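Given as structure tokens, the chain that follows is alone and in the form predicted on its own.
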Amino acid sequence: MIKKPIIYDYNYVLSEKNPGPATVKIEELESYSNKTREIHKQLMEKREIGSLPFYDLPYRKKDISLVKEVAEDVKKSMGEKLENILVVGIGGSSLGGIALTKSLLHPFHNLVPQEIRKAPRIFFAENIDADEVKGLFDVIDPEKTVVNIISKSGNTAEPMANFLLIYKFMKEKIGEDSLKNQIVATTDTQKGTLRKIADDLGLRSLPIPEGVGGRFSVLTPVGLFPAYMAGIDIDTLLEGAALMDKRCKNEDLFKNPAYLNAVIHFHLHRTRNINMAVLMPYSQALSQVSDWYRQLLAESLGKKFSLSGEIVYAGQTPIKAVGAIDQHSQIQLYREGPFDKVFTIIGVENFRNFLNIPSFFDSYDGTGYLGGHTLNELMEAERKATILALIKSQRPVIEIDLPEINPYTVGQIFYMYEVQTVFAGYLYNVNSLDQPGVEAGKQYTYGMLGRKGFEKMREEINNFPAKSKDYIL
């Protein structure tokens, strides 16, 4: 395993390297130095008093030990029959775990024979899609499955509905007494519906640390338990996050990749109308990191009101892309469409595998040149070509380079973006830790389904203007 820092390269957002209407001068970035020191001081003071607990997740040894203890206890009680881990959650309760397992496991982990993968298959019940949930019942054996239900409160409708269905399915097959030993609840330590269920049933449980929101929870038991069960080295993951923490403790804007990335995105948004942020890893393994990134930015910075109550409509729209796939679906727009996007291209120096392209059909122009190269060379050529094409079109490009995809580098990525997001909240003067827009949708759902205490929401829905048939085709 290569243990090196990831590299953050902002050459091609600078107008001296990439002249155009959507890039910046170095002097413009330098103008944020004092503001950066001010925000840094506030963040460190809040960290010191425990108001930003996500900062210290790489060092919570008690939680890490508990994750391992519960996981090993589950493995011991299940023995050789353990075949599946089924994670039930949504949003921050699942996106981090999905990103971790997609990044760090075999790309077809569930299809690899168990004697080779030496870890359970892992499934995520995320959406409330009846076809998908029923499909899970067709492929998992209840006697061989451990369920990890994740919800801070236990009040979120989607994971709890799926949990009720899964509970019924498994109870009918193996009985309630056996089922209790095959459920792990990751939830609040003191309060909430899921905490009560776990206590009443005597379930194994893991804590979601107080003050850590779902989208910041990938380095808590929320992400660590499924990762450890699937065979991921969570100690090295947290070691990588701790390395990034050291880099992010520097108040110098130009030595802190999280702060600098926040300033670049904020400045481009406010002064160049760059209202979209594209994350494009040139790696299929990192594709789900883009999904996690979308939630982190969208929920944290997309706010109507500032901290002082002014209407600001803050935040860039995060966009997922994957190289080289999206060269064939989005690059046309990216190069020749509006100047409203900043691009982050993630590259990987060393893939886990090295494949030579064979020399067949050499007489054909379309294939002859490929023989003798490697698939790795082709991917890197595509990445560099995309960057060059974007620069030719005067689009701002940031590069993040990983020496290798492993727990150490992935831990750095997660931590950097979390710090960047909280720092950006101070630039926008919004609360990056709440999500009132999400809560409104939840409350309307509760009202429609008749949950006690949400009668006003139901009444509001019933009084909503009726649709006109004139406008339905």
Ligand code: PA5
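These numbers come from a predicted model, not from an experiment. Note that residue numbering begins at 1 and tracks the sequence as displayed.
What comes next is about the form predicted in complex with this ligand, which does not appear here.
- When contacts are defined as a non-hydrogen atom within 4.5 Å, none of Ile6, Ser290 and Asn406 contacts this ligand in the model of the complex.
- Residue heavy atoms within 4.5 Å of this ligand in the model of the complex occur in exactly one stretch of 386 to 394, 83 to 91, 360 to 368, 68 to 76, and that stretch is 83 to 91.
- A heavy atom within 4.5 Å of this ligand in the model of the complex is found for exactly one of His267, Lys320, Lys303, Lys152: Lys152.
- Contact with this ligand in the model of the complex, judged by any heavy atom within 4.5 Å, is made by just one of Val438, Met44, Met448, Ile26: Val438.
- Though the partner is left out of this view, Glu299 does reach within 4.5 Å of this ligand in the model of the complex, counting heavy atoms only.
- Looking at Arg37, you'd find every heavy atom of it more than 4.5 angstroms from this ligand in the model of the complex.
- This ligand is not shown here, but in the model of the complex it comes within 4.5 Å of a heavy atom of Thr156.
- Interface membership of Ser283, defined by any non-hydrogen atom within 4.5 Å of this ligand in the model of the complex, is ruled out.
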